[in-house]
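This document opens with one chain alone, in structure tokens, the form predicted alone.
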């Protein structure tokens, strides 16, 4: 049998040319030890801090320590069946989360994975969770109010779009309630909202999601949660993921409100990770970079300049204190990072004063720059009036003989204090707050008993909206309170008092 050598040679040559070598270079290390959601890895000399490593079973680890002969990783999904000797691969990627409008109405885990049973989040946009805050030149001053619908805040402790306002107080004093009311108040304002739950019970988050859904807030809100049952690395990453989602909207020129509930648990989760990573403990066993943990998060909240689109992120971090001690380590750290704080007093809360805002210890460092003219006119001097009332109230307990001036201060202060009482989930529009607070500030309702004031004011506004709808519409459109409007409010108050007395 004869072979055609030329034909064989041509066939072999063609096979060699068609052969594609599917070889790729992979950097591989091995697990030295694993425990408490921390894995030590040998090898991978090119790994970077913050890089994701791939473990067997599809598990991912976040590089947090780089030593001479090993790498320490925080396992994002728990240990699973990872064991000593397993191979570990570099991904050359950092943690990214999905971003965009597809997130609205969804409940997600710390890594942006949907946990609400509504299927996959369809988006092609992703962002790294860690990012450098915008530079000073990219920002502009805060001069646009973010209305929370809470009289005490909008009048005395105003919050502007792009501000970082801390909500601080003991456990069970209404901190989350204020944040949720602020989210509810953003309905029909164009502000998108993110609620980030850190270390909360799953049942508590489910209840809040249900509340937001019933109030129609999920159309412009998304929820990021890392529950108390999740590994510490997820609690650590959750607020950074929420901030990355907010930055996508901000850089498109939109306004965003982000609530971090709460950063005390975030600090504890980071302390847990740091101790497991054998980092040196400092004060209260927190690591030395605990301040940087929150500063690099909250500094990303700002208002961009008009050249950058003019978008903003308003941050409402929550901190829990112990026995009212807001001079503790973590509270003072966050106070120094933010632009003011809303302090909730447990004594006020227990006495039934809701929201239990302590006007003396609460402050906004942006101040009246974040108020419309109408709120400036009704809110100016309110803190002084309340301080004078509380001082005289304490003094009056030691004696019964009071002069007429002191009695007038106590009467007016009692009515003003009662006017700041509001129900949860009932935020008010700016025009309603303006009309009510102007009438109270002018002393038009000083003859009403303080315990009757909340219901009386509701009736007064209902009466005013029917009698003078043009007044309310004018305040809503102009955001101002001119002399004519003031005269109309006085007239309304006089007429309503007459009707109330006749009844």
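If you're wondering where the values come from, they're calculated on a predicted model, not measured in any experiment. Positions refer to the first chain, counted from 1.
There is another form of this protein, the form predicted together with a small molecule, and it is not shown here; the text below is about that form.
Novice: Just to confirm, residue 364 within 4.5 Å of the small molecule in the predicted bound form by heavy atoms?
Specialist: Although the small molecule is absent here, residue 364 would stay clear of it in the predicted bound form, with no heavy atoms inside 4.5 Å.
Novice: For residue 214, is any heavy atom within 4.5 Å of the small molecule in the predicted bound form, or not?
Specialist: Close contact is absent here: in the predicted bound form, residue 214 is far from the small molecule, nothing within 4.5 Å, heavy atoms only.
Novice: Taking heavy atoms and a 4.5 Å cut-off, does residue 220 contact the small molecule in the predicted bound form?
Specialist: Output for residue 220 is no: heavy atoms all beyond 4.5 Å of the small molecule.
Novice: Though only this chain appears here, would residue 417 touch the small molecule in the predicted bound form if you measure heavy atom gaps against 4.5 Å?
Specialist: Residue 417: no, not in contact with the small molecule in the predicted bound form.
Novice: Name the single residue among 93, 131, 423, 429 that comes within 4.5 Å of the small molecule in the predicted bound form, judging by heavy atoms.
Specialist: If I apply the 4.5 Å criterion carefully, the residue I get is 423.
Novice: Let me know the one among 349, 326, 240, 270 whose heavy atoms come within 4.5 Å of the small molecule in the predicted bound form, would you?
Specialist: Here the answer is residue option 349.
Novice: Where does the small molecule sit in the predicted bound form: which of 403-411, 103-111, 387-395, 176-184, heavy atoms within 4.5 Å?
Specialist: The contacting stretch is 176-184.
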